[in-house]
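Coming up is one lone chain in structure tokens, specifically the form predicted alone.
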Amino acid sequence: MKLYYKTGACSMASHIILNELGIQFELDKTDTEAGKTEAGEDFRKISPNGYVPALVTDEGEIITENSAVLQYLADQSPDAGLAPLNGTLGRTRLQETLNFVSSELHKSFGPFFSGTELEGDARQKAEAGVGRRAAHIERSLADGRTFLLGDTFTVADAYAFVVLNWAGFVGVSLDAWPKTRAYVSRVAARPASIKAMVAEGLIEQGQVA
């Protein structure tokens, strides 16, 4: 398999899951603004929408959209338990959570990556938007569960972690949501997460996230 990624972007969720599965894969760093990959490919021919992730399967199929890529990867090794089985309520809960992360949590960080520096009311509004979504994560963890669907790590946790981890990069504190903050630290400490962050240059080898 081959994963087209951008450093620290949502594609890191797929990078983490590939590490969790322990399978062989290639990485190609992508400049989405220029539409070029580090290997010199025209990324828009791979992903017409121009954004990561894009996964090329061993059969040569191209899969885009984070939720689709993550579920595809999980289904390649069902015994790894990274996604409940298709047709179960657990799988529906996974899709429910992935949709929330994609359409609500992920998008709430959009203003911080718009290319315009946020100040005053605009920044307060953006921070409040992130806060509303972080509060939902906090409620999900209120029963003492370790991960979003219970005590088992799933692909939804990889995606939620990557997005919530952006808070530190844009200067948004998660202190108001202590369970969420602890959750981010917990997922960051997984070997697969550390390996992905080292490979993408976000932390140094041996550094605890």
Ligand SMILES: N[C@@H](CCC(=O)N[C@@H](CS)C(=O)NCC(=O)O)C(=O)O
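Bear in mind the structure is a predicted one, so any value in this text is a computation, not a measurement. We number the residues from 1 along the sequence you see.
Just so it is clear, the following notes concern the form predicted in complex with the named molecule, a form of the same protein that is not shown.
- Shown alone, this chain has one stretch from 7 to 15, 181 to 189, 21 to 29, 195 to 203 that lies within 4.5 Å of the named molecule in the model of the complex by heavy atoms: 7 to 15.
- Contact check at 4.5 Å (heavy atoms) against the named molecule in the model of the complex: all three of Glu65, Lys107 and Tyr159 pass.
- Put simply, Tyr51 is close to the named molecule in the model of the complex: some heavy atom of it is within 4.5 Å.
- The named molecule in the model of the complex comes within 4.5 Å of a heavy atom belonging to Trp166.
- Using a 4.5 angstroms limit between non-hydrogen atoms, Ser102 touches the named molecule in the model of the complex.
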